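Shown below, as C-alpha cells, is a lone chain in the form predicted on its own; questions about how it binds or moves come after it.
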C-alpha cells in the first residue's frame, strides 16, 4: 500500500492538537479540522504553545527551527468536506462520546475519498462499535496516543475483525514515521494496553474523592511517595483534560461514576477549570 502523505485530524483539543503538530513536525502535510472558527483560533494558540514545549523539551532539533517550520505544514478548516478532500488518513479525536463520534463518522463517510483510511483515537470505545458508521469498516481501525506524545511516544494500533491487514500494516508504518513506537494490539480490547492499566488507577482515585476518603492532594502524595511515580492520578487527570473523564464518567450508569461526573462539572468544568490546558484543574498551573 502507498505511504500515507496527507493527514487530516478531526478535533483540535488536547490530544488532537498534539497529534496534528507531531505529524506536521515529522514532515507531513496536516489539515486540522474543528467545528468552527473559534475552535480553530484556540487550536492555533495550542500549536504555538507546542512550539515552545518542543523547544523546551529539546525534541529532535526543535530549537533549530523545526518546530516553527511545522506550523507551516498545518492547515485549518471548519468545512469537513474541504478538510478531507485529499486525505490519505483521517485521525478522529473528537470528544469521547459515542453519539458525537457516530455523527462524525456518518458525515465523514459521505465526503471522504474512497482511498481514505479512518482511525479513531478513542481511549475507551471499541472501534467495532463505530465501524459500521464509517461506511468502510475494512479501512477503519483505532490509533491511540498517550498524552504529551512527543515524550510518551507510543501509538497503539488496534483493528476490528473487519480491518484489512494491509490497512493495519500501513497505519503501523505511519505511526513509526511520525516518531511513535507502534504497539500492535492482537485482539480488540477497550482501553488497549495503556488505559487497561491506567483507568483502574484513575477510577480508584475518583472513588476516594467521591466517597470523601481523601482529597486530591493526599491521594496524589500517597501515590507518588509510595510508588516513586512522578505524578499522582489527579495530576494525570489534569494533563488529560477534565472533559474526557467527564464524558466517560457521564456515560457510565454506576452511581459513583455519575457522582464523579457531577463533581467535575459543578466544581471544575463550569468554572472553566479544565486542567493543564486552561491553567487550572485539580491544581493551578497559572504563572506566578
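Residue numbers count along the first chain shown, from 1. In this text the structure is predicted, and so the values were computed from the model without any measurement.
Heads up, the form predicted in complex with nicotinamide-adenine-dinucleotide (NAD) isn't pictured, but that's what we're talking about next.
145 is the sole member of 174, 145, 105, 140 with a non-hydrogen atom lying within 4.5 angstroms of nicotinamide-adenine-dinucleotide (NAD) in the predicted complex. In terms of contact with nicotinamide-adenine-dinucleotide (NAD) in the predicted complex, the residue from 39, 52, 251, 239 that brings a heavy atom within 4.5 Å is 39. nicotinamide-adenine-dinucleotide (NAD) is not shown here, and in the predicted complex it never comes within 4.5 Å of any heavy atom of residue 22. Contact annotation: residue 35 falls within 4.5 Å of nicotinamide-adenine-dinucleotide (NAD) in the predicted complex, judged by heavy atom distances. Proximity of residue 198 to nicotinamide-adenine-dinucleotide (NAD) in the predicted complex: non-hydrogen atoms within 4.5 Å are absent; the residue sits far from the partner. Residue contact with nicotinamide-adenine-dinucleotide (NAD) in the predicted complex: residue 101 places a heavy atom within 4.5 Å of it. Residues within 4.5 angstroms of nicotinamide-adenine-dinucleotide (NAD) in the predicted complex, judged by any non-hydrogen atom, belong to 145 to 153 and to none of the other stretches in 204 to 212, 69 to 77, 181 to 189, 145 to 153.
In the predicted complex, no residue of 260 to 285 lies within 4.5 Å of nicotinamide-adenine-dinucleotide (NAD) by any heavy atom.
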